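Presented below, as structure tokens, is a lone chain in the form predicted alone.
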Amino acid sequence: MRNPQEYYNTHSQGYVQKWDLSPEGLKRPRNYYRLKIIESIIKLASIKPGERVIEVGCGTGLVLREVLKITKPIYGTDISSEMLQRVKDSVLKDKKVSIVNDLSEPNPGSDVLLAQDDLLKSKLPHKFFDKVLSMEVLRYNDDLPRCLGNIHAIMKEGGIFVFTVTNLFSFSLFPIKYSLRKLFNKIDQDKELVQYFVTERSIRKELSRANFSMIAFERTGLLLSNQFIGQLVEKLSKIPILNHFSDTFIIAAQAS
């Protein structure tokens, strides 16, 4: 499915149930892994009270919920209007959440300000945000240079962009298998989102081109989130042929 807006509008309720980070939900390894990624993003962003923080592609609002513990108001965008509704009526239903057309306009009393926005055609205010966060968004956009350029444009000079991208060389082998299916036109675009993956070398190159300086780079994965398996994987990763493998890169980059 080439249109992520349509996909997430259709599946927004399912995502609230899928990513349940309650104590019961965290018994599932994938949910615990997701929580660890969120914690890493927040830590790398070094958010301070009073800073303007936006999550691009906020989904149901799990990252926003954590940022709200540090500062407010906070900002979020998503390509899906239904996802924004799930932030308001599900994950942050106990907060004052406003869905607006222009994030730069004052909105006294709101804890969270949300706007529908397409990263490839972004209409967000330029040089407005101190910190930009993004989790699992870039993998669904086919023009990485444009995405990075649009993110750079909305940031203040010296601002920090913390995000995740999916490594082509994942332990799961899904990105490699998916890329092969795409190469041979085996993707059912009526049911599947078209996805794109990176290597460490390619993402470093694109960040430099977009005038970002990388200040932190972490590798993580579902296996690595398990204490015992993670130790084994770390040892194996020292073998040259295996040191490219991890599921996800968590990156902090500074706008120059």
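Position 1 is the first residue in the sequence shown; the rest follow in order. Predicted model, so just to flag it, every value in this text is computed and none were measured.
In what follows, reference is made to the form predicted together with a small molecule, a form of this protein that is not presented.
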Contact check in the model of the complex: 70, 73 and 113 versus the small molecule, with a cutoff of 4.5 Å between any heavy atoms. Do all three pass? no
Segment that reaches the small molecule in the model of the complex - one of 104-112, 155-163, 180-188, 134-142, heavy atoms within 4.5 Å: 134-142
Find out whether any non-hydrogen atom of residue 80 is located within 4.5 angstroms of the small molecule in the model of the complex, and reply yes or no. yes
Against the small molecule in the model of the complex, would residue 92 count as a contact residue? Criterion: heavy atoms within 4.5 Å. no
Can any non-hydrogen atom of residue 130 be found within 4.5 angstroms of the small molecule in the model of the complex? no
Would residue 52 show up as a contact with the small molecule in the model of the complex if we use heavy atoms at 4.5 Å? no
Considering non-hydrogen atoms and a 4.5 Å limit, which listed residue (62, 198, 45, 210) is close to the small molecule in the model of the complex? 62
